[in-house]
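Only one chain is included here, represented as structure tokens and corresponding to the form predicted on its own.
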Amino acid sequence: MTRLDENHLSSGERARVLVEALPYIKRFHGQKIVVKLGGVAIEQRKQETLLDIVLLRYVGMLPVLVHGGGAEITSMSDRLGLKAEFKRGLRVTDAQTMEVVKMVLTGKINPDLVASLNRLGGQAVGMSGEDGPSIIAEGHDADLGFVGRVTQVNAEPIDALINRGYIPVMASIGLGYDGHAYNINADTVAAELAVALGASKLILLTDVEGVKGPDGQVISELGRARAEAMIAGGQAEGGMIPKLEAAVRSLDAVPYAHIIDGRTPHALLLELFTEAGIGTMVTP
């Protein structure tokens, strides 16, 4: 059997699946899990992924969901005649593009995710880094426009939601000291939140199987030093650069970071509740 198919599992096999999950449920009960949702996980696997999030909350874990929306931002930009440009894996964001980013992230994707979580039985509240403000940012580089780097996280409003039983859903926008909104890579936001909240895990859902080595095979466990070497040596390219940087950054305070394939049905459950897991685990 190459995949878990509930329609072909015996009652004994179903019981073994639940028993295998028990140690992980016990281990992470009451622990914060920061999950970054983007790309295919939103476009094709939203229902399964959000069901996973609700399940985590019901078994006693404390999920925090961070989302981007690159594909929808690009689509909206194209419709408005704004050409998307990327440098070093980051979207160049002028003033017009920043308005599109806010419109898509806080006006469409965030409320859609919140509504879906609530329909599935979760209690979710949407926010962006401007709320609170919870994420303070500054300009990344002049040639990137209103692309920000996180300089401070105010965890208090997020913790207040968690303590009241809510699932925070965070759009990756920060507030600058200059009063401007900044577009921040969602992987980066997730890593900074994981550090500030003292999370037990950071999980980055992406549209590849994981981090691949020179032989093209997925690296199941990646040490921090090797991850840093891959970034510095150019082995990581495009969108994988901010993901690896985020994973490495989170290890300052988070025990494990995971880069997993959001195209896989119920990828979160497979990573958290099975011994084998999926994707790449980045460790200190």
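If you superpose the two forms and keep the largest set of C-alpha atoms that fall within 1.5 Å, you have the rigid core. Note that residue numbering follows the sequence shown and begins at 1. Note that this is a predicted model, so its numbers are computed, not measured.
Not on display, but discussed next: the form predicted together with a further copy of the same chain.
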| item | value |
| --- | --- |
| Which of 182-190, 145-153, 200-208, 132-140 lines the interface with a further copy of the same chain in the model of the complex (heavy atom within 4.5 Å) | 132-140 |
| Partner contact for Arg119 in the model of the complex: a further copy of the same chain, 4.5 angstroms, heavy atom | yes |
| Lys108: touches a further copy of the same chain in the model of the complex, heavy atom cutoff 4.5 angstroms | yes |
| Interface membership of Val59, a further copy of the same chain in the model of the complex, 4.5 Å heavy atom rule | yes |
| Contact test in the model of the complex: Leu55 vs a further copy of the same chain, heavy atoms, 4.5 Å | yes |
| One residue of Ala196, Ile73, Leu90, Leu175 in contact with a further copy of the same chain, assessed in the model of the complex (non-hydrogen atom, 4.5 angstroms) | Leu175 |
| Within 19-38, the residues that have a heavy atom no more than 4.5 Å from a further copy of the same chain in the model of the complex | Val19, Glu20, Ala21, Leu22, Pro23, Ile25, Lys26, His29 |
| Cα displacement of Ala276 between the shown form and the other one reaching 2 Å, rigid core superposed | no |
| Asn110 C-alpha relocation of at least 2 Å between the shown form and the other one, rigid core basis | no |
| Core-aligned CA displacement of Ala15 at least 2 Å between the shown form and the other one | yes |
